[in-house]
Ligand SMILES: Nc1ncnc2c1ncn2[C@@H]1O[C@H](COP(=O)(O)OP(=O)(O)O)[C@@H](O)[C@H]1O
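Shown below, as structure tokens, is a lone chain in the form predicted alone; questions about how it binds or moves come after it.
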């Protein structure tokens, strides 16, 4: 039986300076251990969606909320951020905005959250050592996080969240400021976390990665869920993406051009591996 870990029910939110609802989700259930990709154009409400799961909305934002968001048995509006932060970890686009600056090195930065939650020094040392080895920061443990590359800093930000052992990890465009190498680094890390059974909510415009990793894609626009489905279903629908101001992947556009030329009648492929297989099947001379 699939257990629900996140549930939106008749949820609406608007910020105080705007009477229009920023987010309006009638019903949404996310399964425990699932990897869900969130896509949508700029200003669609994706960050507000993340804030709603974390409890930043409504606790740290001025506005009006209706309905509910539940994290297992906890209703976010009736809980404290201290309790919610032990269930949900949020990683944002710019890792520097998550650095406390309270520590002189990576170890101390990662330990900051544990200290706030009242862990003993011995417990902190044990947990920090474990997470540093898990994420691959051992050689940088004694260095200042502000001396690291963008990808390494994002790893520190993720480690600072994971060390608290939340059940849910919410990543809001965590590779937005990163170069391709650092982006690969973060997605490789998240892939490992998926194997460990974490529930992961990942906001990104990098469809190739989401297609590979996600169990489900949720398309949000104008504060509402436009469509929810398997990655292949969402990413192969060029018309759907276009109507929501999103561009399809290059490989999918290739099949669209083939269809326009009258040379393709099947479903559009959404990965290089899939497209190679489909093309070789349709055009034997390519073998």
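For the two forms, the rigid core is made up of the largest set of C-alpha atoms that agree within 1.5 Å on superposition. None of these values were measured; they are calculated from a predicted model. Numbering follows the first chain given and starts at 1.
One more form of this protein exists, namely the form predicted in complex with the named molecule; it is left out here, but the text below deals with it.
My question is simply whether residue 46 lines the interface with the named molecule in the predicted complex - judged by any non-hydrogen atom within 4.5 Å. Residue 46: contacts the named molecule in the predicted complex.
Give a yes or no for residue 21: in the predicted complex, does one of its heavy atoms lie within 4.5 Å of a heavy atom belonging to the named molecule? It does: once the named molecule is placed as it appears in the predicted complex, residue 21 has a heavy atom within 4.5 Å of it.
Can any non-hydrogen atom of residue 41 be found within 4.5 angstroms of the named molecule in the predicted complex? Yes.
How about residue 68 - does it come within 4.5 Å of the named molecule in the predicted complex, if we only consider non-hydrogen atoms? Outside the cut-off, so no.
Counting only heavy atoms and a 4.5 Å cutoff, which of 47 to 55, 247 to 255, 234 to 242, 29 to 37 contacts the named molecule in the predicted complex? Going through the listed ranges, the match is 47 to 55.
If we fit on the core, is the Cα of residue 21 displaced 2 Å or more between the shown form and the other one? Residue 21: C-alpha displaced by 2 Å or more between the shown form and the other one.
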